[in-house]
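Before any questions on how it binds or moves, here is one chain, the form predicted on its own, in C-alpha cells.
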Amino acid sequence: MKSKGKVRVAVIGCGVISELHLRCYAHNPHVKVVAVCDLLPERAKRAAEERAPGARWTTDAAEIFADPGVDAVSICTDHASHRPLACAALAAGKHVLCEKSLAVNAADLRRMLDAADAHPELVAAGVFQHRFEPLPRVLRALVEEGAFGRLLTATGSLYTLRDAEYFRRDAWRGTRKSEGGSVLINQSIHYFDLMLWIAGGAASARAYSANLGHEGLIETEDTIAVSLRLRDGGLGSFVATNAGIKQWKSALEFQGTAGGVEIRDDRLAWLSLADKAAEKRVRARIDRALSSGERLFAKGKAYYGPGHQAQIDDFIKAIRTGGRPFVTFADAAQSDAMVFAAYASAAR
C-alpha cells in the first residue's frame, strides 16, 4: 500500500531510544511526526516539546491507533508491550517499525508474525540497525561470495556493564515477564544478530546462562554462553555479560577454509586469506566500508551505530513505494527465535 504525500508518524514510548527515532524522522523530508505517546504524561509532553514541535502528545496508544491521521508508528517501549502494541497497530491499519526485541517469548513472536502476515499491505519492520551499516553488509557479501571458503566457525562476544542504578531505574529490566531475559535479549542482541546474519543464519542453539554479578538484583541472566549449529553446517558460539567492568567491548570473527576475518569494537583487527591477491582486494573493500561508515549520520550513544537513520529512511521508502523493508518482522524474528531457543536450552 503506497502512501501519498508525507508519511504521518507517531512515536510510542518516549524513553532514550525514542529520541533517536525522532531525530532520524526529522532528517527525512518525507515524514511528519504528528504524535508522541508515553504512559508518563510528563515524558510524552517533553518529547513533543523538545523533539517533535507541533506534534500532539498522549498517554493512550489506543488513541493513536484510532486516529486516521496517523499512517505509521515507531514502537520504542519495553519489550513486553511490543507484541500487543504492534498487533493493535497492524489491526488498525498502521505501518509498524518496532525496536528490538520484537517479543519476550516465542509465543508472542509467533503472534506478531501472524499479525504481519494478516496485513501484507502494511509495512512491518523490526529494528536491527547495524544491518544497514557498510561494514556488516560487506562482511555478509564476502561470506556469501565464498571469499573465506566454506564457513567453519562464527564467533561473537559482547562485554559490558549494567549497574544496579540501570536496573532500578526501569522496573521492567531484568525480569522474565517484561524483558524476557537480560544480556542476550537486550545489550548483546545486535551483535548476536550480526553474527547470525553475516554467517547466513542458524538452525539451532544450546546455551548455559547464569546470574553471577547481579544476584538479588535481577531474576534473569547477566552472563550467557551460546553454541549454535549454523544453517550451512558450520558451528557458532557467542558469549556475553553485563556484569563486568568494561563499558563496551565487542568482537565478531568468521573462519573459513580459505581464510578469516576478525572485527573488534567495530574495527578490523585481523584478516588473512590463503590467496594474498584476494586478501588485498578484500582488505580494500573493508577499508572503504569503514571509511563510509564514519561519514554516516549518527546521533545518540556511540554503540547505537550510524544505522538508525538508514533503517528509518528504508522504512519510510517502503511505505511510500509499497515495497519491502530491508528488515521485515520475519527477518528480525530469525535472531529473536535463536535467543528464545538459547533461553529454553539454558533453562533445561
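Keep in mind it's a predicted model, so treat the numbers as computed, not measured. Throughout, we count residues from 1 along the sequence that is shown.
As for the form predicted together with a small molecule, it is not shown, yet the points below apply to it.
- Here the chain stands by itself, but in the predicted complex one stretch of 284-292, 37-45, 22-30, 317-325, 37-45, has heavy atoms within 4.5 Å of the small molecule.
- Against the small molecule in the predicted complex, the set Arg176, His214 and Thr220 makes no contact: no member has a heavy atom within 4.5 Å.
- For the options Val339, Ile12, Ala332, Val9, the one in contact with the small molecule in the predicted complex, meaning a heavy atom within 4.5 Å, is Ile12.
- Distance criterion of 4.5 Å from any heavy atom to the small molecule in the predicted complex singles out Asp170 from the list Asp170, Asp265, Asp275, Asp114.
- Within 4.5 Å of some heavy atom of the small molecule in the predicted complex lies at least one heavy atom of Asp78.
- Under a 4.5 angstroms non-hydrogen atom cutoff, the small molecule in the predicted complex has Leu85 among its neighbouring residues.
- Not displayed here, the small molecule is approached by Val127 to within 4.5 Å at the level of heavy atoms in the predicted complex.
- At least one heavy atom of His190 is located within 4.5 Å of the small molecule in the predicted complex.
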